[in-house]
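Heads up, the chain below is alone and in the form predicted alone; it's given as structure tokens.
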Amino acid sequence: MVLTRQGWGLGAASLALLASGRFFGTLELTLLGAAAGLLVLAVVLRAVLVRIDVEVRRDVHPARVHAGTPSRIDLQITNRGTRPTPVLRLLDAVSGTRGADLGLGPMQPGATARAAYQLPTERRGLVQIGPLHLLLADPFGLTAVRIRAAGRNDLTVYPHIDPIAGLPETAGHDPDAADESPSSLGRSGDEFFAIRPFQIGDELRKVHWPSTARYDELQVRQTELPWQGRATVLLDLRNDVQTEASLDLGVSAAASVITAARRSGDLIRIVGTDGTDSGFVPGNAAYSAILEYLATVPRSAASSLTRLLDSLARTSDGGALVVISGELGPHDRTRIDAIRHRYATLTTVLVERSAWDVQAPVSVEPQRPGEIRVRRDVPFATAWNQAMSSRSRRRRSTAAAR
């Protein structure tokens, strides 16, 4: 229990009136001071003696969303006491906002009230909710009793995902496929090289039930060493080339590319200049882990794009590489060109300043081969789909010429 500013003010005024009444010998001042003091004492005694037995249940629906998708808090308040509750306020902290402030009228014993409010999901990140407090104030606003009624919850806001076309060429050798599973099932004696997710058209007799239980999704035996599609997304997190706004757009682009590649059945991998490397791990768990990383990844001060490109060049097994950055210098472009032959396709996505700064002029610099520029007038999804469509037409023309 604490006295509010009004409570402290009235208490000080009470003392001042009592002192003035005694000094000037004025009965009226003494009576006013005594009345003010008794009022403060009465509300303090009420705050000390009041007992509130209220149970608050807070649920986040849903607890993981993509940026721009609604999410809300559902509150269920139950009076577990034997007396009606007084008028209460519910104060729930929400990071990045002023929090929720809800009024709750008197509740009879055993009664339940429900309330809800929306959460901010405009930007990716982690929204922290709580702790939730019940605030009991007297009618004069002189005291306030804060009771913690609920702990903390988190809302994960994944980056926005655009519906984009998949990469046309992602084929790459999978040297680790045989290491993820045994070489035979023992009882049947059939030799195989890998376990892979079930696809429509696969025979049910090829389902590998131990792996299905392990990955929590249907897995089938691969009877030959596959050349499986794979896509690597490199996210440039350097402070000197990224702002918070440009990074949000870049992260959204990375999530969109990863999702499109996964939809095509390709193995996916995310690497960052902060040292992160997800590796090529199949399954829904790996995809969810990548989205969790992209939801909260910040800019990085100590990072090197050159070292990361050199590492990718040494370990590349083909497939597609997508480099997403805010700005590339001449040395960065040289290193990217040097490893281009190591991949079936290499695409660079640059988020220009005009994409997030309405005051910046739109760049007129021409795009280089294999480069996609995100501008104010050409958002990522449009620029990407145009580039992939043009690339597919060139491939068909080349194939027809042969």
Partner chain sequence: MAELALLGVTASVAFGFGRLFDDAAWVMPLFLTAMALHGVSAGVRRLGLGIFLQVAAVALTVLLVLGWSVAPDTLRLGLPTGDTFGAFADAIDQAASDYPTARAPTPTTDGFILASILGLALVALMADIAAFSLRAPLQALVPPFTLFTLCSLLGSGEHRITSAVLFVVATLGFTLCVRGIDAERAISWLPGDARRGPDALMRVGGVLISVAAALTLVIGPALPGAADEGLWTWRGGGGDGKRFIMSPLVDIRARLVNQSREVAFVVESPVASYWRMMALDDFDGSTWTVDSRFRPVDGNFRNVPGRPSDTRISHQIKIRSLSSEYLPAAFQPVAIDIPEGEVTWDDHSATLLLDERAGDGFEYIVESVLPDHTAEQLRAISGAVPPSVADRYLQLPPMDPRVADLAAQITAGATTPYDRALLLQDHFRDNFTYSTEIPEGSGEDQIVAFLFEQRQGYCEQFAASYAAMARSVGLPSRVAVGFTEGDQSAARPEFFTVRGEDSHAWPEVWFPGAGWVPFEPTPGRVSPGSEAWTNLSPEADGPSGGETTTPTLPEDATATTLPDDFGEDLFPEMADGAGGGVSDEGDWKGPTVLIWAAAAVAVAVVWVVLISGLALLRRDLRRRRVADHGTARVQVAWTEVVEALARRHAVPRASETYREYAQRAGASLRRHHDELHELAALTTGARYAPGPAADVDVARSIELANRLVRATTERLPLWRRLVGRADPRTVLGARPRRTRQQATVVTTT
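Positions refer to the first chain, counted from 1. Keep in mind the model is a prediction, meaning the values are calculated, not measured.
What comes next is about the form predicted together with the partner chain, which is not displayed.
Within 4.5 Å of any heavy atom of the partner chain in the model of the complex lies no heavy atom of A144. Though the partner is left out of this view, L17 does reach within 4.5 Å of the partner chain in the model of the complex, counting heavy atoms only. The partner chain is not drawn, but in the model of the complex it has no heavy atom within 4.5 Å of R64. Shown alone here, L247 lies farther than 4.5 Å from the partner chain in the model of the complex, counting heavy atoms only.
Heavy atoms within 4.5 Å of the partner chain in the model of the complex belong, among the stretches 208 to 216, 286 to 294, 324 to 332, 106 to 114, to residues of 106 to 114. Interface residue among A165, L91, A313, V87 relative to the partner chain in the model of the complex, by the heavy atom within 4.5 Å criterion: V87. For the options A35, A338, I52, A360, the one in contact with the partner chain in the model of the complex, meaning a heavy atom within 4.5 Å, is A35. The partner is not shown here, but in the model of the complex the stretch 136 to 150 reaches within 4.5 angstroms of the partner chain through a heavy atom at P139, F140, G141.
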